[in-house]
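Just one chain follows, in the form predicted on its own, and it is written as structure tokens.
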């Protein structure tokens, strides 16, 4: 067949989310983009094209036998597979994960293309590295290379540019420009400005909640040559910045005060290396109260590593001269004495948050720096958490399991979790990753307000220039190790 025909499909992905009445026809000489709000079914439609989900009604015809899907879910599954292989508790050996080269060869059909991709993404020196030693952006590159060298008849990429630095994004766009000449591509994107010129059709998704079940569907299917419809779609996606309020602090359990004359962070001649691999060295950096910093640099330059030195989650923090939030590292302080001053959001935290817990309790757990709730919240804390849920338009879903949310909605909940206690320092490791335009503008407005109107210092890691925060004037640039 020369087309993929999806007709009146209803597809179940969980007890609380289904696609309903999905219909469209994708010709094999077309390239599509799926846009829409968080939780409306964008990633579910991508997964449907890759053969996932339980078909309840309707029909799917012409789906190729070789479909490659790269998504946050496939990235999570590969990470969990590596965690399942970890037998370090039994063998007392440090498990660094399957070698990158072995993973790349698992489904490789076109070895010549793989060799070229390895060189383009500068992965030649990383082939013998354990997968678990890769950064988030490097993990995404492995998945992309793995998918492209499998020579799929249909390539489905869910947020392919998220987590990539500027240079890697440019390389991927060039690769896709070449790939699309022979095979159809379907992209899931949250940013309208990331849509390539060669895309021919757009799907805009919608969702309807009925009780505890959310139904994702298609609101519009638009051909790019329909000028009037494209103008309307652009207006729909490019939503204006939302006015937001800043929920109150918990006056009954305030974070302890710090000495106002001390810096929040002071690093002297700090170096981080794994064997012969130097991430960065001789770093001198100071963060004073009232300053806000953006940390930039290519994938693998040590941005997340730097943040982990601050939180105490990196073992080499004790081998360096680091002063953090009133404590000189290695002088007998506990990790919790430092973390009580910090709110933190990252992809790693999101992957770790696999406990069975509802949205209200995820936000409340931010008061206790815990993954999960193990003590009773006060009425005041519950009130504040409710304000955050209302701000995020999720107050009616307060009892929904966190694991059933879309990736973007999970990120919003974790940002609220980080902010509830009004910490002295808010660390945001790519907080807009996976968010649609409306929620991205909401998050950016919140960060800007924190920078301008609170005593919380913000450390912000970000790859997208358009997501720069006006209130952040300090920039730390890390180079590639």
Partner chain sequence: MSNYFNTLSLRDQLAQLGQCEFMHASEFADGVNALKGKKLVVVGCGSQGLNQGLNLRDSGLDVSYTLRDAAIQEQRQSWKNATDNGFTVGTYKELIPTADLVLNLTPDKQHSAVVGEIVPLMKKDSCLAYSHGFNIVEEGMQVREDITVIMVAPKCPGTEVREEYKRGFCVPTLIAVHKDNDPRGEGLALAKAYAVGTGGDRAGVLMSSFIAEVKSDLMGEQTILCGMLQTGSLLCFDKMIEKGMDAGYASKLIQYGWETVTEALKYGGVTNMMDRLSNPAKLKAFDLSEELKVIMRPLYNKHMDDIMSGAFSAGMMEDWNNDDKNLLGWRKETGESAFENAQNTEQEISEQEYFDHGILMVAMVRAGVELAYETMVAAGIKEESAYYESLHETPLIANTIARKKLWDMNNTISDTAEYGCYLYNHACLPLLSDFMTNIDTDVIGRGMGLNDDSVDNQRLIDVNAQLRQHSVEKIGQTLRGYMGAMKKIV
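Residue numbers count along the first chain shown, from 1. Fair warning: this is a prediction, and the values are worked out from it, not measured in the lab.
What comes next is about the form predicted together with the partner chain, which does not appear here.
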Query raised in the report: Of 167-175, 133-141, 215-223, 356-364, which is the one stretch near the partner chain in the predicted complex, taking non-hydrogen atoms within 4.5 angstroms as near?
Result: 356-364
**Report entry** Check all three, 312, 370 and 374, heavy atom within 4.5 Å of the partner chain in the predicted complex
**Finding:** yes
Query raised in the report: Taking heavy atoms only, is residue 274 within 4.5 angstroms of the partner chain in the predicted complex?
Result: yes
Report task. Would you check, heavy atoms only and a 4.5 Å threshold, whether residue 334 touches the partner chain in the predicted complex? Result -> yes
Query raised in the report: Can you check whether residue 198 is within 4.5 Å of the partner chain in the predicted complex, heavy atom basis?
Result: no
Requested in this report: Find out whether any non-hydrogen atom of residue 229 is located within 4.5 angstroms of the partner chain in the predicted complex, and reply yes or no.
Outcome: no
Report summary line: If we test each of 83, 319, 127, 278 for a heavy atom within 4.5 Å of the partner chain in the predicted complex, the one that passes is 319
